[in-house]
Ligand SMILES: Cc1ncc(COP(=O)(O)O)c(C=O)c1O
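A lone chain, given as structure tokens: the form predicted on its own.
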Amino acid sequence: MDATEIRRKQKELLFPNIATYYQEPLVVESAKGMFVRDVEGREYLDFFAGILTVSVGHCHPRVTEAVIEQQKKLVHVSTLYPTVPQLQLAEKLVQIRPMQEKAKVFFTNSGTEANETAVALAKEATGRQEVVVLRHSYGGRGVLAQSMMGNKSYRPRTQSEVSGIRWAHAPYCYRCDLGLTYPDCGIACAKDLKPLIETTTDGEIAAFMAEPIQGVGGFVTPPKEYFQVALPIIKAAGGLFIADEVQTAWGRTGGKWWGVQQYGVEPDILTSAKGMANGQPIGLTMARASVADKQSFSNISTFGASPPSMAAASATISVIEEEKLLFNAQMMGKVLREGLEGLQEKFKGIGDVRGMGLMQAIELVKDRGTKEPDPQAAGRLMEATKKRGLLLGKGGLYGNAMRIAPPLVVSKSQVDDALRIIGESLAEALHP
């Protein structure tokens, strides 16, 4: 089938609300390293990494071989049976945990399941029901995850919501809900957690759940002091801190395994998925042992801890270590950030540049003074970069934030190529 036939069959056979990029969805046929190839044979430099999932490059030989070898030996048994690949991965994870206390883990299939497992654990461990989340957040596709959604585009209109969710101001400095400016604001968004809890809950909560950097929200990056101000308020209300690291883990933010480590705080519970297994389905919920041990109800996952996924994750972590990709993400992230800030000086349509490591964003606006979002320009930019052989992501409440997040193996020459293409494309997109 050619691309036209595939797109026709997609419309005929799949749910109509499956979101795709571009006016004509890109039909990917194969991928290797930093590049993907469509069914017509054209190559694209991938600076979105399959929604930050391809950590060590497409089809990395080490990860691929690990999956093939495991596939030959054992494919499935469910979590009812412990396996060597599961325990080998668990042992490695608790070694690189971001909390001082001993930790335990539970494996599932996705970030959605990881997050819902974390919330259920927090409620069980504390004996409380109410959970505080952030506006602009995205937590997955389950009923609980959608009830916690901080973005109207992903909230079903007719769904019955799970009760007990409270939304705090996001640390979105560029569009501060309180009309303040960092750093003179005193991190007022974090301090507002106290009156939020006192006036909208019974004064005690089960958990506060937050992404170190909001992914789908448009890479909203909190000030460095945010969590240090927020967490004492959460602890005073009896809550646990759940760090949603579905997108920020595995060196993505540069220099450290976990995004939360960039802020100098420790989570009680941590979730991850995406880049953990370089594309294999996986979900992780990690918790302090003292918290994990408070679960009294039985819990299973049919496909959680799948041996091929466990093998893929172990191989991915080994590649990150051996190829020094935490350092590469830090260094290439600096090059990328400097280049994007240079483009901001050149193009007035870039209102904000933000992010950490290889998780960077530019927010497009019609006017820097009013900060009016420009989602149309974002759409034009997507088409223009695709035409030039570069893939980017898009996000934010208004669809005007370009998410730029290549695999961690990216080289300086590839960053330079991407910046050149983005610059050429901005000239086209902002002046159609």
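Predicted, not measured: the structure shown is a model, and the values here were computed from it. Throughout, we count residues from 1 along the sequence that is shown.
There is also a form predicted in complex with the ligand; it is not shown, and the following applies to it.
> At 4.5 Å between heavy atoms, only one of the stretches 346-354, 245-253, 320-328, 222-230 reaches the ligand in the predicted bound form; which one is it?
This holds for exactly one stretch, 245-253.
> Check for me: heavy atom within 4.5 Å of the ligand in the predicted bound form, for each of 118, 128 and 268, yes or no.
Not a single listed residue reaches the ligand in the predicted bound form, so no.
> Report the residue, out of 139, 218, 171, 239, that has at least one non-hydrogen atom within 4.5 angstroms of the ligand in the predicted bound form.
Going through each option in turn, the one that passes is 139.
> Which pick from 314, 112, 83, 360 sits with a heavy atom within 4.5 Å of the ligand in the predicted bound form?
Of 314, 112, 83, 360, the residue with a heavy atom within 4.5 Å of the ligand in the predicted bound form is 112.
> Are there residues in 198-213 with a heavy atom within 4.5 Å of the ligand in the predicted bound form, and which are they, in order?
Read in sequence order, the lone residue that approaches the ligand (within 4.5 Å, in the predicted bound form) is 211.
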